[in-house]
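Coming up is one lone chain in C-alpha cells, specifically the form predicted on its own.
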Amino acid sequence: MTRLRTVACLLPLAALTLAQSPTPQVFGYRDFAQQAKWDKIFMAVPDAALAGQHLKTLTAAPHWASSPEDYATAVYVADKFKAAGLETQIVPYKVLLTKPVKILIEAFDADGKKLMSGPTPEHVDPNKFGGDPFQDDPRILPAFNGSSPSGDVTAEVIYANYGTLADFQQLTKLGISVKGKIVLVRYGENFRGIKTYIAQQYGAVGVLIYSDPADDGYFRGDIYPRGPYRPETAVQRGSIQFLPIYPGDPTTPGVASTPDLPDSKRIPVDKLQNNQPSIPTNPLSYHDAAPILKALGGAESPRDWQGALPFTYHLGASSNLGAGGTHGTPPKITVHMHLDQDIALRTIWDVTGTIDGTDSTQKEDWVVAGNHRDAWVYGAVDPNSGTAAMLETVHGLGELLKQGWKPQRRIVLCSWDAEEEGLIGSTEWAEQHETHLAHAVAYFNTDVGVAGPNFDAAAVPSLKQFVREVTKEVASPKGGTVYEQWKADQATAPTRRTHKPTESTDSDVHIGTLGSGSDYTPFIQHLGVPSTDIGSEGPYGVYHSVFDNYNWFTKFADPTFVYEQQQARVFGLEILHMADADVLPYDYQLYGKEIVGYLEAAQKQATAKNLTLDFTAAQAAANRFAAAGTAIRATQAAPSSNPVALNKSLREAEGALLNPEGLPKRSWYKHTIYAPGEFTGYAAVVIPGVNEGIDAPDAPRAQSQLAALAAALNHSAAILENANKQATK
C-alpha cells in the first residue's frame, strides 16, 4: 500500500519531466512551444485522490436514468463544472424509458416439475473475501433489459448460442425452428438488442440472455469478490433497443425530445416498431440459466457452442442431421416469462459546461467532449470511472482559466444521461444542436474510463495520429509514456475493446474503428463530426451488474486512482490541442489509404459470393480521395499565416462523406464509411451500404451503394483539392 501511494505521489513529477523534454513537432501547430507550456500546467492539476472522491460520490447509490439519485449526480457534476469556471447548464429531455414493475422467469420439465424461478437476487457470500457492501440496497431495480415490452408467454426453449445471424442460420440448417419458442442465448459476439432483433424475425416469442462463465466468469479467472470475474448470480442488464436502426428517444428519431415537444411530433408509443423489440426479453445469471440448459434434450449443440457450465449443452430439439445421436422426440422444457414493464415518458438530465472561444473566425467551431453518467446500478467502471476522469480534466481546465488561458475554439464538456437506455441523452442533444455541430471540429468520448491498466482507443482515421501524439505526452503509471505502454501491451496481447481494429495499412499502434454502443454515435455517424473514444481496459467481469461498484473498482481496477489521473490527462490534452491547433490536425492521407483498402476487401468479398458488381467508379473516387489527402497533408504541414479557409475545408471534407439519404433500411445513419452493423450492433461495418449489400446478397442494392459512396468520396476529394489549390496560390 505504501509503495502504491508513493507511485501516486510521484506520478505528477513524471508527467512534468516528460513535458520538460525538448519541444516536439506536433502536427497542426506552427510552433508548439506555447502549447507545451499550457500542457505542462494542465497535467500538474488532475489529482488521483480527487478522482477517487468523485467516483465514491457518484457511485454511492444506484442511479438509473431519470431516478432521483440520477438527478443528484447531475447536480454534483454541474457543481464541479461551475467551480471550474464553466458556463453550466442542466438540460432536461423527456424520453421514453422502460422500468420493471415485475419480472418472473420460471422453467419446468416435461413432467411439470419446476426447475428454477428467478431472477435470483445478485448476492455473494458476505463472509468470504470481504463480501460486497453494496449488494443489498433496496433501490436496486430487478435485472431487466431496457426497451423490452411487457409480456406473459410460456413456450418451449431452444438454445441458440450467442444469437448471431450465423447461429440462427445454423439452427435452420439443422432443421430446428424457433418459431413459437423462447430462445436462450448467451451474451457476447454481438449487441444484445440484435439477438432479439434476429430472434423475432425468426418467429421466436421470447428471449432469455444469460452470461456464460466461459465469457466472463470462472472460466476466465477467480470470481468476485475473490477476483474480478462475474460471480454466479451476477446479471448483465442492458438495453435491447435496436441501435443499428436508430439510437436516442424511440419516439423522436431525428428530432430533439425537449420537454416542450408536442405529442404530435412524437411517434405514439403503440405505433413504435422500427427500433423497439416486439417480444419480451430478459437477462439471467448463469445460476438461473444452468438448470434450463442442463435439462434441455435434443441434439447436442455444435461443439463450438459449448460454454463452461459442467455438462454437455443441447439444443432443445432434434436435428435433421442426427447430431448427438438423438432418437425420437426430446423432452419439452418450457419457460414462463412474465414481464410487467412501466413504459413511460420520463425526464433525464444532461449537464453541459462551456468555455467560449476567442478567435472571432473560429470560436463557433466547437470542440465537444463527453461521458455518460447514468448506470444500470452503481456503474463504477461503466461509466463513472469516465466521469471521475472527466471531472479532473475539468479541474485542470479551470486552473488554466485562472492563469489567463483562453481557447481559440469553443469547448463544450458534456455529461450525458440515459446512454445505457439507447444513447439517449447524447443523441437528443446532438439532434437539438445539429446546425452548430455541422462545423464542430471534434467529439471526444470516454465511457469505460478505467477498467484496468491497458490504454486503448478508437477513432476515425483522420484522428488516429492525433490520439497517438497526445499519448506520447502523458506519463504512464507503469513508467514511460502512455503511448509506449500502449504499444508494448499491443505487442503482447490482442486488443480488448469491443470496437476492434480493422485490417489497416497503418503500421503504428492499432486504433479501433468506431461502431456503436457509446455516445460518439450521433456525432460521427449521423452528423459527421470527427470523433475518438478512449479508455483503459482490464479483466472486467462485472459489466452491468450490481457488482460494478466502488468496492470492485478499488480492489481490481485502480486502487490508487492513478489510471483515473492518466485518463484525465489524455482526455484533457485531446481537448486542449483541438481547441488551439493552428491547423485542424486531420490526417486525410491515412483516411484515404484505409478507404482504398476497404474497397479492395469488399471487391474480394463480392467475388467470393459470385456477385457481379462494377467497382470502377468507387475505386477511382477512393484513389482520388487518397491523392487529395496526401496533397493536403503537405499543405497542412506548412500552412499560410491565416489558415481559417483551410480549416473550414478540412472540416467540410468529413461532412461530405455523409449521404443525406442515409443507409438502406436505416436512414438515420448517414456516414458512408462507418456504421454499426445491422446484425452486429456494436462492431463497425466499414463502407456499410456496400458491404451489407454484398452480405445480403443483394447486387442491385450493393451497386446503388457503390454509386453513393463514389459520390461522397468525389465530393470530399473536390473540397480537399480546392482547398489545396487555394492554399498554394
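Numbers for residues come from their place in the sequence shown, where the first is 1. Since the model is a prediction, treat every value here as computed from it, not as a measurement.
Beyond the structure shown, there is the form predicted together with another copy of the chain, which is absent from this document and is the topic of what follows.
- A heavy atom within 4.5 Å of another copy of the chain in the predicted bound form is found for exactly one of G528, G307, P643, G512: G307.
- Residue in contact with another copy of the chain in the predicted bound form (any heavy atom within 4.5 Å), chosen from K179, K173, K271, R303: R303.
- Using a 4.5 Å cutoff between non-hydrogen atoms, G221 counts as a contact of another copy of the chain in the predicted bound form.
- Contact check for L296: a non-hydrogen atom falls within 4.5 Å of another copy of the chain in the predicted bound form.
- Remark: R237 does not count among the residues lining another copy of the chain in the predicted bound form, judged by a heavy atom distance of 4.5 Å or less.
- Another copy of the chain in the predicted bound form comes within 4.5 Å of a heavy atom belonging to T312.
- Stretch 221-229 is the answer when you ask which of 221-229, 631-639, 606-614, 100-108 has residues with heavy atoms within 4.5 Å of another copy of the chain in the predicted bound form.
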